[in-house]
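The form predicted on its own is given below as one chain in structure tokens.
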Amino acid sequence: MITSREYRTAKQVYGPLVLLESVEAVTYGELTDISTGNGERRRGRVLEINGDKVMVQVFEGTSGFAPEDLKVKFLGKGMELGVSEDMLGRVFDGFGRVIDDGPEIIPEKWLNVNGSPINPWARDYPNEFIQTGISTIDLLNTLVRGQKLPIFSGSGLPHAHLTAQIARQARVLKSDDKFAVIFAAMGITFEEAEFFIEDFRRTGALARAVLFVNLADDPPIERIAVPRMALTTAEYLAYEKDMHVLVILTDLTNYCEALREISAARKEVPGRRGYPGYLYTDLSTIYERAGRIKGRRGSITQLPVITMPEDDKTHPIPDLTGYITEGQIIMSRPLHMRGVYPPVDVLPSLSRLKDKGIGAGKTREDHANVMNQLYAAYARGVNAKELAVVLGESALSPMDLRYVQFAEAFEQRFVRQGEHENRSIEDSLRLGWELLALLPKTELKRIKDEFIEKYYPATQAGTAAKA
């Protein structure tokens, strides 16, 4: 039987932390109730244990705390979230409390927010296509059910609009199983929170979604709880309710900043750029909660968003993320400055599992060939454009000029897409073939002849062949 113990042995308060002495029989991560001299109550958890000394992390901050007035009760359990299928369509704060003026959730069960590690042997390989309605993702950087595919963005880029669009449009093709979206926002402004909530309500996407919202002025400790609350909900819906769950985490840079702030308060030795040395391990406990389990119909797919400070891909957060996840979608500031939405930088973007989710029976037989040819043609067109800047267009061959034309059309017709334009994979493939028709058939060296005969647009073939 779990019993609570109460202590009045607080010795120091600094930052969000309280140090207690002469404490017995507590465990790491154990929840606490903290009472102040004026009767105010706040929650915390055990962050560090050293002999009879215990460090407690206070969720709502320690403003107004005096050590001699504090009463700390250890509750004998870790942080838990009450989960239910009724959470769909609701909005919560970072600690899982209802904030949408609706009724409280009656939990079907309580789950520890740290989850349980998935046995590697029990993992099933991701191999089913998720259609996001975004051509640059669906056709070129395919998202596969059970994958973790981060979006690398930058300050001022429209990642909020892109993630909201994906949340509205995403679905698993060739499956009748229920699909849910868990949207976790960390350290965002009030205006951004209103945008997400209103967009979900206006478009009807809220009916299949659960939103966790942490504002920039909320305690940093709440920010650390948000992704774990979201993933605990996702695990319940996926593995106990057989749903396909897409988890969107935005913005993990704010999460890491909160982690650095608390690490500094603990006086830990900093690592790269002041982040704690365990940043890689901490991020892995979030990312590795995605996946599929053998024998279970449900799955968890992750789309974390990282805003790179100064657009620096070598910054510790995107750098470490790249080691754990299976690719990245990179947003381009130059494309954004030219008014292209979504400004996905196709060439450095990558989905390492895309080949597992495409092809006959999943998307279409010509998907892989079209993808490879579009990449190759766009890369040559970009290189030709850069060469023309240095040497002038007169230095380019007629075929190089054709590839420059292709690159410009690719950005304006394929990459550019309306914020409410939901393209099917067939729409994206058709558009890809229309662009490839700007090139002679002899240039399509990465596509099988039978696919060229079947899909090459007949109305444009004659014009392209004469060029």
Partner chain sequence: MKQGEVIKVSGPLVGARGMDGAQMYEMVRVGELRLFGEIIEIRHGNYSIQVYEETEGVGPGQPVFRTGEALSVELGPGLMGGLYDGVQRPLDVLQRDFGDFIVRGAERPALGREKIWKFQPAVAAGALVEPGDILGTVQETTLVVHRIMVPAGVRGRVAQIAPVEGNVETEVAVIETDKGSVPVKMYQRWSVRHPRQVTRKFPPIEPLTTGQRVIDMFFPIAKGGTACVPGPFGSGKTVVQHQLAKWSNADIIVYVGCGERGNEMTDVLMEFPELKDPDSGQPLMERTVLIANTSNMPVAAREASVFTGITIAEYYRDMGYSVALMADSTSRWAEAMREISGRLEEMPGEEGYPAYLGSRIASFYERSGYVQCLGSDKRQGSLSLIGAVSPPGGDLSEPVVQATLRVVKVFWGLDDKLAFARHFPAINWLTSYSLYQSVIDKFAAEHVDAEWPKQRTLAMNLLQREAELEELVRLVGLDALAAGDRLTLLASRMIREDFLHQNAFDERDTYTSLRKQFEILATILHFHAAAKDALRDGVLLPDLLEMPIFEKIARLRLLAEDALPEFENVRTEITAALAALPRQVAVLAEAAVSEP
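Residue numbers count along the first chain shown, from 1. If you superpose the two forms and keep the largest set of C-alpha atoms that fall within 1.5 Å, you have the rigid core. Note that this is a predicted model, so its numbers are computed, not measured.
The next section is about a form of this same protein that is not shown, the form predicted in complex with the partner chain.
- Counting only heavy atoms and a 4.5 Å cut-off, does the partner chain in the model of the complex sit next to every one of N119, T281 and G322? Yes, the whole candidate spot contacts the partner chain.
- So in the model of the complex, does A10 come within 4.5 Å of the partner chain, heavy atom to heavy atom? Looking in the model of the complex, residue contacts with the partner chain do not include A10, since no heavy atom lies within 4.5 Å.
- Message: My question is simply whether R380 lines the interface with the partner chain in the model of the complex - judged by any non-hydrogen atom within 4.5 Å.
- Response: Yes.
- Query: Looking at the partner-bound form in the model of the complex, is G39 within 4.5 Å of the partner chain by any heavy atom?
  - Reply: G39: no, not in contact with the partner chain in the model of the complex.
- Message: I'd like to know whether F190 contacts the partner chain in the model of the complex, with contact meaning heavy atoms within 4.5 angstroms.
- Response: Contact with the partner chain, no.
- Item | Option from 331-339, 120-128, 249-257, 178-186 whose residues, in the model of the complex, bring a heavy atom within 4.5 Å of the partner chain | The contacting stretch here is 120-128.
- Task: Scan K356, K385, R208, R297 and let me know which has any heavy atom within 4.5 Å of the partner chain in the model of the complex.
- Result: Answer to the contact question: K356.
- Of the options V98, A360, L391, A264, which one has a non-hydrogen atom that comes within 4.5 Å of the partner chain in the model of the complex? Exactly one residue meets the criterion: L391.
- the partner chain in the model of the complex - contacting residues of 270-293, heavy atom within 4.5 Å: Stretch hits, in order: R272, G277, Y278, Y280, T281, S284, T285, E288, I293.
- For I447, state whether the C-alpha moves by 2 Å or more between this form and the one not shown after rigid core superposition. Yes, the C-alpha position differs by at least 2 Å between this form and the one not shown.
- Comparing between this form and the one not shown on the rigid core: C-alpha of A379 shifted by 2 Å or more? Yes, its C-alpha moves 2 Å or more.
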